[in-house]
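Just one chain is shown here, as structure tokens, and it is the form predicted alone.
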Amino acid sequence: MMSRLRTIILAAGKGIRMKSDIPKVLHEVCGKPIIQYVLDVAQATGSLKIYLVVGHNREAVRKRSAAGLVVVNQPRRRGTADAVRCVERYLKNCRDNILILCGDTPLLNGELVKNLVYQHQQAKAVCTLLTAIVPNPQGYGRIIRNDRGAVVAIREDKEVRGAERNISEINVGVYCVRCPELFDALRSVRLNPKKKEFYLTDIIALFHQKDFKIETVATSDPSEGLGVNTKEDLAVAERITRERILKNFMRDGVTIIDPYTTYIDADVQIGKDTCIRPFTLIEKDVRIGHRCVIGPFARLRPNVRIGNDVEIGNFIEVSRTRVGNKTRIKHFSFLGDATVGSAVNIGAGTVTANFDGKNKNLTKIADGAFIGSDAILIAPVVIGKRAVVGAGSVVTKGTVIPDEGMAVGVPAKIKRRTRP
């Protein structure tokens, strides 16, 4: 049963080539840490328990990881086989399957990994690994097969010789292995004399020597196994993930006019028939309703909630703000730490001055209010239902404009509304 599966995620690498003080697995791809993508894959398999092996800056990784994980420290960076062995003490009585993932692979496909686990169980193999065929295998471990097509070894790129250099089938770095045989093989892995590390890939040759059944599952998309080791790799992962995000939105009924200039983070939600215009940036933790129009040149920052039938136009920035249905914010405005009701008009150039030097303060704008162009609302302020703020007015801190009231001037004075 898949529910008996345990998963080990290898996240102890320092990421020297990233040239960063941030642990490699905590760099973000489309607003989400790399390690979270891998955790999502592990959780999608229905793993009974997930073991996260950490090393460099382990406390930072521990703090950013999900609750319920078993975090295991690798005291010294001695390779992937050593990292897996650090988990052995937690699995002494385990007779089930272990899924092994690399913590720096944000492009892994959860459904593909679930299928690999299923195929492994059906085949009753000792080990099943994920492979891919690539036109340029340089930099990847090669899958070595015998004349009968059986897998006999994985040869790391620096170890390949002669015709092995031309092998186009590569190791993607996902393994499903029976637990007892895994740790038995790891005890026989020898230190690589060049790298001074213990390679996890050496278990494949050890399994073959014992005539154990080794299976492979191939992916048609080699990018799924991309390990992020440099800032260039990070940019590639960002581009591919962004393309996936935008395609999923379009399949769900969101119109994205120009995907090449639209940036949407991983956990954003957008209702159908909403249109995203070019040069728009939507960051994590944003929720947008149905039939909205966003952009062009709009930026929605975290903790923004947009209702239905809302228009947020050009050069608008919104942060930590809720916007009600049918509200219009069409030109050159900033709304931060605000609650905006339904059917509100926000004139061009409106600014909520939310920060007083010490605190972020709240602006409340009730249903049906009309905010004239170039108004400045110095929070905290309250604008009542169907109230009016005149163009160019400065509403000072602590002001409360009553329902259907009017405020005009610098500073704004509250006046009685005159009606025809």
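Quantities reported herein were computed from a predicted structural model and do not represent experimental measurements. Just count from 1 along the sequence shown to find any residue number.
Unshown form predicted together with a small molecule; subsequent notes refer to it.
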Of the candidate stretches 292 to 300, 137 to 145, 322 to 330, 121 to 129, the one with residues having heavy atoms within 4.5 Å of the small molecule in the model of the complex is 137 to 145
Note to self: Just checking whether A12 would be counted as a contact of the small molecule in the model of the complex - the rule being heavy atoms within 4.5 angstroms.
What the structure shows: yes
- Message: Would you classify I98 as touching the small molecule in the model of the complex, given a 4.5 Å non-hydrogen atom cut-off?
- Response: no
- Query: Applying a 4.5 Å heavy atom distance criterion, does F207 contact the small molecule in the model of the complex?
  - Reply: no
task = Answer yes if any heavy atom of T80 is within 4.5 Å of a heavy atom of the small molecule in the model of the complex; otherwise answer no.
result = yes
### Query
Within 4.5 Å of the small molecule in the model of the complex, do we find a heavy atom from each of A153, E215 and S223?
no
The one residue among G307, G227, G313, G336 placing a heavy atom within 4.5 Å of the small molecule in the model of the complex is G227
In this chain shown alone, the residue from A348, C102, A237, C179 with a heavy atom within 4.5 Å of the small molecule in the model of the complex is C102
